[in-house]
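A lone chain, given as structure tokens: the form predicted alone.
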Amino acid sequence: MSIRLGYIGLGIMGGPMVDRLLEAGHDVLVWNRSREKILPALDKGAKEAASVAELVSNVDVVLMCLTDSKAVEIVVFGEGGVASVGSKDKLLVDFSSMRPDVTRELAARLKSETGMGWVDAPVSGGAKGAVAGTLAIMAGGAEADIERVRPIVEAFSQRFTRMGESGAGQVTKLCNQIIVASNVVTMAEAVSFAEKSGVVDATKLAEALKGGWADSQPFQIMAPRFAARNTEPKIGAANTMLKDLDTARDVALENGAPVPMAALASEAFRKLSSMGLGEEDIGEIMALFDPRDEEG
């Protein structure tokens, strides 16, 4: 018997993920707070649920990608939410990014109230990866639950790795953000250094360092953008990165884990936010290194 799927939250990430599920031959029942966001999926064969409760009642696995922990808590435990019709034979897979302790608390509550399992499965790869089906997904939860949904998740991911029990997926996503944010600041610093130290065209840094130890996929994408002061199309907001870094620092403090690079990166993004650029693309990090900012 095929697993019946429901998807809640068809935003920038959820929409392409549903598209990939449909292309793989899955039947998908969908719901989104703003109905217009599900219309493209309906055109491609998805079915619409009138409410969260209706969706959960008619599926085996609920997939979900929401903006933050507040939205997750409302959808799961609010009136007519997931928990109102959840049962031990059903499973929730949450692709949202939030604090590990909040994930553990919500997962334990859902299990206690309904018997329903929870897999935290934040993703890396952005909207481009969702469209291409190449997301890297880091999961926390019971091994049996993760294996149950592995064939489903493979429709939009290239890696789906169990990192431990509940919350471990969220911790791993924070590791991802520490590395990415530190790299962003370091790449901006290197571009600025090159520009001020005799390199005629800093956009060629990626070409010059390709294949060496300094090379990486983010470097190939971001270094030329930084050098050209190009922030379109938008990769991600600076404030989003700052939020994740602050969460990482909080978790690190609780667990006695030194995070000096995360601390430095967070202060750089905090400065960017104080300059009114927090909702702009992370490429605005170059504003911290431009001569006009030093003079102003």
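Each residue number is its position in the shown sequence, starting from 1. Values in this document were obtained by computation on a predicted structure and should not be read as measured data. By rigid core we mean the largest C-alpha set that fits within 1.5 Å across both forms.
Below, we refer to the form predicted in complex with another copy of the chain, which is not included among the displayed structures.
Practice task
Decide whether A132 counts as a contact residue for another copy of the chain in the predicted bound form under a heavy atom distance cut-off of 4.5 Å.
Solution key: Output for A132 is no: heavy atoms all beyond 4.5 Å of another copy of the chain.
Handout entry: Contact of T172 with another copy of the chain in the predicted bound form (heavy atom, 4.5 Å)
Key = Yes, T172 is a contact residue.
Problem - 4.5 angstroms heavy atom contact with another copy of the chain in the predicted bound form for P224 - result: It does not: once another copy of the chain is placed as it appears in the predicted bound form, P224 has no heavy atom within 4.5 Å of it.
Handout entry: 4.5 Å heavy atom contact, T114 to another copy of the chain in the predicted bound form
Key = T114 lies outside the contact set for another copy of the chain.
Practice task
May I ask whether N32, N58 and L106 each come within 4.5 Å of another copy of the chain in the predicted bound form, counting any non-hydrogen atom?
Solution key: No residue of the spot touches another copy of the chain in the predicted bound form.
Problem - Listed range touching another copy of the chain, judged in the predicted bound form by heavy atoms within 4.5 Å, from 66-74, 47-55, 262-270, 33-41 - result: The contacting stretch here is 262-270.
Problem - The single option of V180, A142, V102, A127 touching another copy of the chain in the predicted bound form, heavy atom within 4.5 Å - result: Only one listed residue qualifies here, and that residue is V180.
Exercise for the section: Residue by residue through 124-159, tell me which have a non-hydrogen atom within 4.5 angstroms of another copy of the chain in the predicted bound form. Expected result: Contacting residues: A136, M138, R159.
Problem - C-alpha of E254 off by 2 Å or more between this form and the one not shown on rigid core - result: No, E254 moves less than 2 Å.
Handout entry: Rigid core superposed: L242 CA moves 2 Å or more between this form and the one not shown
Key = Result for L242: no, shift under 2 Å.
Handout entry: CA of A227, rigid core aligned, shift of 2 Å or more between this form and the one not shown
Key = Yes, because once the rigid core is superposed, the C-alpha of A227 moves 2 Å or more between this form and the one not shown.
Practice task
Taking the shown form as the reference, report whether the CA atoms of N32 and E232 lie closer or farther apart in the predicted bound form; the distance changes by 3 angstroms or more.
Solution key: Relative to the displayed form, N32 and E232 move farther apart in the predicted bound form - a change of at least 3 Å between their C-alphas.
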